[in-house]
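The chain below stands alone and is given in structure tokens; this is the form predicted on its own.
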């Protein structure tokens, strides 16, 4: 019996470049950056105040009913218990992205019952905003407190968006998004659901920025992936959602989840294996699962954090797999910041937009490529290019590596 194919039926996003896919597509085509200074993260407490924050006009004013999971939490019957943007940013980001993605796939989802619809959440910190408010003895809704636990945030999102099938939570550092997409595809392939919402979310917080400050991992000028002068990352926030469906429910869908590969190089708690061997292994696994040779990859969307070790390791891994004549490579963190648990999902959406609109994104904020970086590293977008197969990469703390292959047409 043929294992069912899994296709992308809809996407949604809110990020540093705005709310929706249109501003994200425009930023990708223009190679623009959403990084900006935020006073709350200024010195001397923080190493850098350059972050990928959702702009104030990007949040929108759309009512969140029924996107608020009022039915799933007993205490939320009270008006003061409703989540707000100030105390539950993760909820607002996730519901905005999910609302967009569900609307894009509405015609297909009407054919699929709630019992056959699942949800996989990717996050590293869930609603960390609540912890900061609680520690400062400030007002915080009961729902916001509840969403400190990622599994409960996932349950409430599933309830609110009519996903009564399997619900999972993935929190594996910065590879979480790719693993969540892979897990969602497997749920469909095993016959446990016909559609799965994949949502990635993490909000900016003092907790996260202070943590990277302690690691001395922030670039005071804003991250510059693969640049000779790179010296750190820039934290970001985003909500991103993808609707995956069984291919026979969406025969007109063009983009398929082809394969996933993962590995753990177990080098260090925060540092990757210096030779890139762990990431290279993940790429090999993905290529083998897709039954592809390296030459069948048309474009690589890199993790590209802007830290010296990550970018050097990733460059070595690509050299190992593709040699000198590898496919074009670029990364989006100079545009969006490092969005942690949302990164794999929103960066996959960047790949989807590139496939749908026949272009290759550039690498925002890249000025002078460092020695050893891929020879086909793109500074600027390359337009009018049809892309069939994309390799999406992410790596994370603890030595985690992920490689996802998307195919178009």
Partner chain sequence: MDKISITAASVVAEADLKSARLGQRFGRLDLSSQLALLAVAELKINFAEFANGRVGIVFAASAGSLATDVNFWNGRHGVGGPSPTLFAYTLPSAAVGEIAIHFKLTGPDLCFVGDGKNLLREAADLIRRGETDACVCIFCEAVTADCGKIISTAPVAAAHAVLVRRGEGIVELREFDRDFKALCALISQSKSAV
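Residue numbers count along the first chain shown, from 1. What you see is a predicted model, and the numbers here were worked out from it, not measured in a lab.
The form predicted in complex with the partner chain is left out here; the points below concern that form.
You can rule out all but one of 313 to 321, 331 to 339, 164 to 172, 101 to 109: in the predicted bound form, only 164 to 172 has residues with a heavy atom within 4.5 Å of the partner chain.
Taken together, 273, 382 and 386 are entirely out of contact with the partner chain in the predicted bound form: none brings a heavy atom within 4.5 Å.
Contact annotation: residue 143 falls outside 4.5 Å of the partner chain in the predicted bound form, judged by heavy atom distances. Under a 4.5 angstroms non-hydrogen atom cutoff, the partner chain in the predicted bound form lacks residue 325 among its neighbouring residues. Contact between residue 179 and the partner chain in the predicted bound form is found at the 4.5 Å heavy atom cutoff.
Although the partner is absent here, residue 247 lies well away from the partner chain in the predicted bound form, with no heavy atom inside 4.5 Å. The contact with the partner chain in the predicted bound form, taken as any heavy atom within 4.5 Å, belongs to 215 out of 114, 288, 228, 215. Think of it this way: in the predicted bound form, the partner chain has a heavy atom of just one of 265, 156, 87, 96 within 4.5 Å, and the residue is 265.
Using a 4.5 Å cut-off on any heavy atom, the residues of 185 to 221 that reach the partner chain in the predicted bound form are, in sequence order, 186, 189, 190, 192, 206, 207, 208, 210, 211, 212, 214, 215.
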